[in-house]
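Two forms of the same protein chain are encoded below as structure tokens; each is given separately, as structure 1 and structure 2.
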Structure 1
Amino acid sequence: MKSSTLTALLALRSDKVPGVLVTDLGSGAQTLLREDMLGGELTLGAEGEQAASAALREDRSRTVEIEGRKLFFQVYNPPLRLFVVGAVHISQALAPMAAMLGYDVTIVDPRQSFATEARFPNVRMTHDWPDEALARFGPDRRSAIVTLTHDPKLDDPALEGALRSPAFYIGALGSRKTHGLRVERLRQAGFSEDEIGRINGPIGLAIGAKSPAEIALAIMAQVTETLRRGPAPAADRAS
């Protein structure tokens, strides 16, 4: 590996940016793909870039033969993280479910009577105010943020912090009426329609969920869909 490639790779990992190192197994030439930016001495072409994007999306390194060349796509993705604002009943089902799917989970709730070890064993918790917690933990492109309190005093600061971050998923619990009021508050706070449109609200896939566990399942299904396929058009997001 050339020193310039190693330096770029170390910078990618330090910045917690997803990337894939592509190596031609025949010649040893390499290219580093970082957020649609190519570097190095290897020309991928459209098929190679598609294979690199698929490897990143699927979190799986692989060898692909393209036009007679064997290319190894080595994925360097930051860890998946889930920030849950609100130590509520849904969160008690959501935290272990997300952990099983490979997420590093943090419960954010300044209400110390809600966020307790007894209710959330072996889960990281913080009693910081949501915007302060997000600023401290620094959500990145491999982070998902959900707000579940139904309390604008907690959810709104969290959403404002989330919208200022590159988190790949943002979701907020509440009815369409509740979400409409939330959207208006965010407009008044200075956020654009495109920015507000990043929020999945009402949260979760439309599977008819009723119980806290079912709602948690709907949330993680939507988080997974967004991670693997990208955000759905706003008009297609269901309650």
Structure 2
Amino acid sequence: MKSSTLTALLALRSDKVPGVLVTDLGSGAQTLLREDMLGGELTLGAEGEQAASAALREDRSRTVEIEGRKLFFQVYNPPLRLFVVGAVHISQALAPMAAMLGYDVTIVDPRQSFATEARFPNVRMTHDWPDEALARFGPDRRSAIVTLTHDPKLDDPALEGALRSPAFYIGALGSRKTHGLRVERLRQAGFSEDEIGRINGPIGLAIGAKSPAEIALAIMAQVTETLRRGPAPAADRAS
């Protein structure tokens, strides 16, 4: 790898821009395709460019043989993102756990006494209202959103924003009864059963979690399961 390629690759990572590094496994020649620009020593035909965009879209690196050349397409997507609504005790365990799993974490809580640097060292925080925060950060299909405040004034606007986004995971803390009332409110707000079914509530895998850290573990286990295996059928969840 040329040192200029490595420098470009590190710049891609710090700019948080999606890209694909294409390597000819025979010669070692490489080209870095950034979503926002093109360039490199390796010339790709139409077939190669198609393979690059497929790898990027599916977020899956792969080796493809094109016109007798073995090309490796390595996907460099920006980190997965996790939006945590509620700077509560569970969030204090959830934030470092999610960071360890590779998520770029943002804590959303307009209550300034909850979302403090002392309680969340080195974590990005916003005091915006959840709907405004989500509109600003624009969660995509590589984002997860969890609501943990127990307060409908904060959780509901967050869930409405989450349901309007393509986030791969949405979870809401609260008992079955609380969730039932929440579902009713979302119905009133005009969301369909399918849309509401995207919400994992009660949140987390059923591992009998009790402490804040255990609940955080159950949540991240369910986020991971959804990321790697796709969403569980609604019937298997809240039961």
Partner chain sequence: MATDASVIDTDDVLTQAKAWRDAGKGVALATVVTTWGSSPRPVGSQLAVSDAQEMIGSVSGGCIEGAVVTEAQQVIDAGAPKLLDFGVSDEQAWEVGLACGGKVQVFVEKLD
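Just so it is clear, the model here is predicted, and its values are computed rather than measured. Think of the rigid core as the biggest set of C-alphas that the two forms share within 1.5 Å after superposition. Numbering for residues begins at 1 and runs along the sequence of structure 1.
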**Item:** Structure that is the form predicted in complex with its partner chain (1 or 2)
**Value:** 2
**Request:** Establish whether Met1 belongs to the same rigid part as Val108, given the two-part motion between structures 1 and 2.
**Result:** no
**Request:** Give the rotation angle, in whole degrees, of the smaller rigid part relative to the larger one between structures 1 and 2, based on C-alpha superpositions.
**Result:** 72
**Message:** Using a rigid core fit, what is the CA shift at Arg13 between structures 1 and 2, in angstrom?
**Reply:** 12.2
**Request:** Using the rigid core as the frame, report the C-alpha movement of Gln74 between structures 1 and 2, one decimal, in Å.
**Result:** 3.4
**Request:** Can you read me the CA shift for Arg60 between structures 1 and 2, rigid core superposed, in Å?
**Result:** 5.4
